[in-house]
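Before any questions on how it binds or moves, here is one chain, the form predicted on its own, in structure tokens.
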């Protein structure tokens, strides 16, 4: 019997990324200050297989670095600023996954960790992420490992069978039942505008947790919750939490 891997009704998307640089330690702290109990973060790997918290394959959008993240060593990435051009956060470091987990442990926050491999690095990225999670994630805090990558989720299934997993999609694929069963996923995470009520009912009836991204409009969130969605990922957790309380 599948049971949803429940996180929180409002999950801070890449931390409080609407008001702080995404996927940084300060974004996690700001999410905590906003009242969020759970964050979503992305993890990629350096050239020497150290997981860093970062969304894009390349460094330019959110950092002062250039090129592919996976082309740099961990030591090189440690010297990069990930302030996303926000002057008040100048010098904010690009965090290692281990540092983000340590902060989440201190703050007693749950985590949806998206394994975000550069194409071609699906398996090594998942291996590296699983190693860090195995060594450092507190067993008493909520955790879901999610990914668009079936290959990465298969590694997570085999290496950390006790950790909850979620398949990420944009639109609901026709084979969602088969894919979630094959990868032993407890959740399906999808793009909010592409969900309809019939799909929501079918997913929930299958016993899966259903979470939607990226929801910054309160009325949209209320519509999703009326469909039975378990939670939403939001760049503005404080606004969403205040409106839904």
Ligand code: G3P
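A quick note: this is a predicted structure, and the numbers were derived from the prediction, not measured. Positions refer to the first chain, counted from 1.
The same protein also has a form predicted in complex with ligand G3P, omitted here; what follows describes it.
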Heavy atom within 4.5 Å of ligand G3P in the predicted complex - the one residue of 133, 80, 155, 168 that qualifies: 168
Residue 177 within 4.5 Å of ligand G3P in the predicted complex, heavy atoms: no
Using a 4.5 Å heavy atom cut-off, state whether residue 112 contacts ligand G3P in the predicted complex. yes
Within 4.5 Å of ligand G3P in the predicted complex, heavy atom basis, the matching stretch of 65-73, 24-32, 200-208, 37-45 is 37-45
All of 9, 222 and 236 with a heavy atom within 4.5 Å of ligand G3P in the predicted complex: no
Considering only 185-221, what residues come within 4.5 Å of ligand G3P in the predicted complex, judged by heavy atoms? 213
